[in-house]
Structure formats: C-alpha cells, structure tokens
Ligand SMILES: C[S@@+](CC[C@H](N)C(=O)[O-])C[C@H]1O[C@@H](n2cnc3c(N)ncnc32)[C@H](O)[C@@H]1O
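The chain below stands alone and is given in structure tokens; this is the form predicted on its own.
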Amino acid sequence: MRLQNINRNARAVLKAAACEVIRRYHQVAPEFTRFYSGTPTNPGPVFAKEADFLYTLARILMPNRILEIGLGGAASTLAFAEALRQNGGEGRLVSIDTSHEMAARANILLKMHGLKRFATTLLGSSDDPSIREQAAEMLGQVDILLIDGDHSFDGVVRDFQNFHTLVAATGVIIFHDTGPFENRYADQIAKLPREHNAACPIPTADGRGVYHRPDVARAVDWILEQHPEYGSLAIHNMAEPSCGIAILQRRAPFFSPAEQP
C-alpha cells in the first residue's frame, strides 16, 4: 500500500511539473506571429499582443469568413489564418492590399507556415468596386472585418461605408491604430514616414500621450455618431506600446427568449 502511495505521489509530482512547464511557456496564440509584428520604432503593423488578441477573438467567435483591408507586416493575416486552421479549417480569409510587395510577402509567409489554403490576397484598392465585388463573391457575408488600410479620415470612413453591409448581423468590425502612445515615444513617432493623406501625430487631450494616426480614432467616433445602431469597445492600454483596436458590433438584446404561447 505504501509503495502504491509513493507511485501515486510520484505521478502527481510529474503531472504538476509538466503542467507548470505548460503554464510558463505555452503561448495561447502562435508564437510565429511575433516575428512579423510592429514595434515602438515601427508602429504601423499590428503589435504582438494585438495579434494574440485577434487570434483569440477568431478562436472564440469561430468565424466562417474574415475580410481584412491592409496586410501590413502580415501579423494579423497569419493570426487569423492560424485561428481558422485551429477552428477546423472550414473558414476563409480574404486580404486586400494595394502593394505588390506586401501581397507577395504575405503569400510567402502563408505558404511557409502552411496556411495558404485558408487565405487569399486581392491586389488592388479597397475603393475599387471590382475589388469589393470579388470579395463579396468569395466570402458572401463576413463574420469579422478588419479595417487597417488607408489611415486617413476619408479612407477609414470610405472602407467602412464600402464594406460594412457585407458584415453579418452578429459580425464585428475591427479598426486598428485607434489609440495613443505614451509621450516617451513621441520623438520616435514624429520621425516615422506618414501616408501622404494622413494627419500628423497630435497629443491627447490629457497630455499623457500622442496619437500616431489620429484620423483613425476620429473616423471611428464619426462612424459611431452617424450609425448609432453600433456599440463599441476599445482595446488599448498605455502601460506598454500598442497601436490600439476598436471593435464595433450592431446592438442587440442579450436576452431574447422565444415567445411563449
């Protein structure tokens, strides 16, 4: 009996040790996305924790169709595609970008990581009616729409207007680059190249930080004013660098029971 207890305790110790290794080193999101994420000196692409969040969101929502405007460093593309693989491989991702270089790079990375079968890149402008038509034909209704392309006020609003009608009633619309950075990064942000039609970085009202892409936050506020049918959630903190994410979804009652006879 004593030997059985010793063996049982030994198994418990080994199990606890294995679980502790997993707890310390297991990544909820695929580690490879960190190689393609933004940094404080390059805050355009999705940051690593933001890629983690997009991956986790797609794992929770189990989307069948995802539409992404803007490839950037491809961290969001890879995070979404990996989530689709983990969800069982039935979903589909379509990414739109105007850059031949970005599209080619994203396709190489998708192939390298065995994710190409889940994703398609459309080369062209999101403002091109033919591109929208192709996306609509390929996806139909969209469960997740990520807007991260033209970061000017007009560009963000235009992408919303062109594509929000494709989003399913319970789908979500995600905007990237909505938050400010701490003041200690202001000098770095001021030196970054800007899109020709995007606004210059501006400080926040409380003086604690600086918006590196103020037009995006301004556009999201305008969209919410014009479309009160949407609720919103901001995913952002200033404890460490992050570009900021805003999520919009059509309002609906949480509790909607079937009518009783």
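For every residue, the number given is its place in the sequence shown, counted from 1. Please read these numbers as outputs of a predicted model, since none were measured by experiment.
Not pictured, yet referred to below: the form predicted together with the ligand.
- This chain lacks the partner; the member of G73, G171, G179, G91 within 4.5 angstroms of the ligand in the predicted complex by a non-hydrogen atom is G73.
- None of P63, P45, G209, P201 but one reaches within 4.5 angstroms of the ligand in the predicted complex through a heavy atom, and that residue is P45.
- With a 4.5 Å cutoff on heavy atoms, I96 counts as touching the ligand in the predicted complex.
- Although the partner is absent from this view, E82 stays clear of the ligand in the predicted complex, with no non-hydrogen atom inside 4.5 angstroms.
- In the predicted complex, no heavy atom of N107 sits within 4.5 Å of the ligand.
- In the predicted complex, the ligand sits within 4.5 Å of a heavy atom of M102.
- Residues placing heavy atoms within 4.5 Å of the ligand in the predicted complex fall in a single listed stretch, namely 63-71, out of 214-222, 63-71, 201-209, 227-235.
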